[in-house]
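Okay, so we've got the same protein chain twice, two forms, each given alone as structure tokens, structure 1 and structure 2.
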Structure 1
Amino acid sequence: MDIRTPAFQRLLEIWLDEDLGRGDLSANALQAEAKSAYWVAKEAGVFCGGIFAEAIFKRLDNEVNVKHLIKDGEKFDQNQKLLEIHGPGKALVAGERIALNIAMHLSGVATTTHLLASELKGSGVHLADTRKTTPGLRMLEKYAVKCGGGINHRLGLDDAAMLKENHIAWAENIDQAVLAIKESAPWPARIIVEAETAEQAEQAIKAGADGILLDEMSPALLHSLVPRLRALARTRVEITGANTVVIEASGVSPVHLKDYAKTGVDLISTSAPITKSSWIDLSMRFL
């Protein structure tokens, strides 16, 4: 992830303004010379957030030096050292809580993603995230999903067009809705249709959708439906030359991932890595 973007720099300013306000009232108690500290894990997990921690400390004082003992996306054990930090003491104490909060949350997301993605290992099916993210933290949480071994679904409403149940209910029909998007969206944009029935899924493929999201359908139904959708997609390619269709299962309980992986879908999307994960406990200790 590129932390030099204006979007991330704005986030950085918001975080620091929230915690520092008009200044750290305890800073004057510190001696002026440089200090050293390190991060240690209180439990095992998958690390995420080191690059953001460094950006936070350097934004406070460019003299801070951060040595990464582990990279984002790597597993760590309990009591393992993660970072070593050296620089002006005022910057270290001012950035401590903000940096730890970000890393603990994102490491929790990455750890949960890793556990779920491991259930799909060897199946050829990818675990994808959703737009159920914390407002203001979407790009960070989706980065954490990637660090944990998942893949990112669309980042926002302007990234890909997804026709959900309300769109379908309020449109004339799926054919008309897909056509309206094709006529108005930029040419690289993909169109995904959320289908709640087999009939909707088949109609969406015939209408020219690039992706079909099969919502809250049982593995038993998908075992019979997915081959039919693949056959329809092949026919469409032969007739129109259109791209093949990506088939996605959603509304899936994490405990049933292996069952859904056997149905022939390409993706399983879930909000669980972000909405169900717990923070990983990390600590910053001063020398």
Structure 2
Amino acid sequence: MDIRTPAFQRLLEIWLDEDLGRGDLSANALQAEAKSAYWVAKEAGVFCGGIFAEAIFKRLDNEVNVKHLIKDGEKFDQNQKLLEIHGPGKALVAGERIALNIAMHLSGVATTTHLLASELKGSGVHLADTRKTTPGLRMLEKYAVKCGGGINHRLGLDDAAMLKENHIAWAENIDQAVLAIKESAPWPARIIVEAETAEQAEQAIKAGADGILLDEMSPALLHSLVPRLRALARTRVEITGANTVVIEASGVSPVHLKDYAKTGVDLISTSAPITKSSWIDLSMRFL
């Protein structure tokens, strides 16, 4: 996660604006001194958010120092200390809630991802995220998914083309839809086709898609379809330039992950780490 981007700097200002508003009433009224504090976990999980906490506190006061006792992506136990903070009291008090909110949410995402990814361990199948992310937090939640052991799918509408029902209808058929993207998009952009039937998947492969998303298909169906699609891909090298295809299953309930892991797909994409996770409870204690 690259916090140097203007996009992240804009977010940081949004967060402060939202909580500080016209200014912290208590900071305006009271004299404060330098304080030390630490973060402690009230339940176990996978940490995510230390780098953002540091950015928040330092934006409030450049004198704040943050010492990371655990890195983003590492596991922690209940009662474990996660980071130490030292600096002007007003910055610590003003940044506490914002920093905890982001880290509690993201650690929830990372922890849920970790649980789901564990189901796929050893299968060679990756758990990937989707574009179902909390508006404003896409990049942070995708970072949390990586912290939890998942991989990232495309970051936005400009990052890879995913052709769905409407796109195909506009282009009249899959062949022409794929062709239109190839002619228009930057060459490194992947083309993924969302297939609702085996026939669509086959057409997409013949058309030269880089990835096939198989939505809401049963493990049994995938079991027979996936090898067929891979074989079909191997035949296309002369025509379309690649004999492989990335096959992705979506619409998979977390409880069936293990069944899908055996179907030979490359990825299982799921929004569950974002849409179905709870925040991990963290606390900031002042010394």
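Structure 1's sequence is the ruler for residue numbers, which start at 1. Under this definition, the rigid core comprises the largest set of C-alpha atoms superposing within 1.5 Å between the forms. Everything quoted here is computed from the prediction, not taken from an experiment.
Between the two renderings of this chain, the form predicted on its own is found in structure 1; structure 2 comes from elsewhere.
For residue 29, a C-alpha deviation of 2 angstroms or more is recorded between the two structures after rigid-core alignment.
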